[in-house]
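For reference, the chain that follows is the form predicted on its own, supplied as structure tokens.
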């Protein structure tokens, strides 16, 4: 096992188990995502720069663009029309490390034609047990404004807190347990969904989201193989505080296998299964059928994402250390970088059907 391939593989069992508060490194990354389902296409280019600064300070900045093209039926027209919207996002994060303690702050700004979002975050992490364990706390506050075309602005406030503990169980095994809670207050309906009988959807304006997640990873160094297992349980409100009729619950499980192939290649195979029940107020009826909700319901929605559903996502990713390009003078500058290419197929038990997910990226240390 040699060079960057060996280093990355030795860490693959720990990937995604390290919280977002981990320190940066001098690196520039370019990534692109393409998603296509029958009625929607998303193209997302992204650039990210991370830099270690003097005084144990680290800096990270990013920019991404979402170009979303969807088909919709125009009023009075039975033919689909293609509409394209763009979302711009920028973000910056700064952290300071002292011994085994790190404190970080971050800010993210996102804007699209009918939506504006500001998010500020604070992170804290502390190494424990001779730095074999890590306690991490993340806090964030978001202020969103939904402004439908020619409509009234609808604000939404979100307060987030997450606590996790990561522990190395052996030189090749690591585990993590975490809890997250988000309190949402404001407009959470889809302004563009309309029931023929009941009009625009109405959903509760308060939501308390809870997540418990567990992850474990193990590396087989002699085989060049890494295994990961992730589980996530989601529920709206605690059982003792069911003040708002969301009550949605879900389970997600994902398995990953990393395999080194030769000196420069690594393959990752993964599969994620997600299943959820419906929100308490959700009524699975065809649009325009008044018998389900009645004539004057307090809450109603025809958004299938609030109903019972299941999704599947098998995916393959190939990573290549580009050191071989060092033999070609015009490309020698890129030989220290790493290329990634992945493909997944997203299937869901809703009328939206399946979708193709293609991702490509290049990361270069400097």
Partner chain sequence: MRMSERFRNSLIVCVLGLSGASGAGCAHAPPVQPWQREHLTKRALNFDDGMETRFRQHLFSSREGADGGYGHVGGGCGCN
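Because the structure is predicted, anything quoted here is derived from the model rather than measured. Numbering follows the first chain given and starts at 1.
Just so it is clear, the following notes concern the form predicted in complex with the partner chain, a form of the same protein that is not shown.
167 is the sole member of 126, 154, 167, 237 with a non-hydrogen atom within 4.5 Å of the partner chain in the predicted bound form. Using a 4.5 Å cutoff between non-hydrogen atoms, residue 40 counts as a contact of the partner chain in the predicted bound form.
Residue contact with the partner chain in the predicted bound form: residue 336 places no heavy atom within 4.5 Å of it. Using a 4.5 angstroms threshold between heavy atoms, residue 248 counts as touching the partner chain in the predicted bound form.
Mapping the unseen interface onto this chain, residue 35 counts among the residues with a heavy atom inside 4.5 Å of the partner chain in the predicted bound form. In the predicted bound form, 248, 250, 254, 256, 258, 260 are the residues of 244 to 264 with at least one heavy atom within 4.5 Å of the partner chain, listed from first to last.
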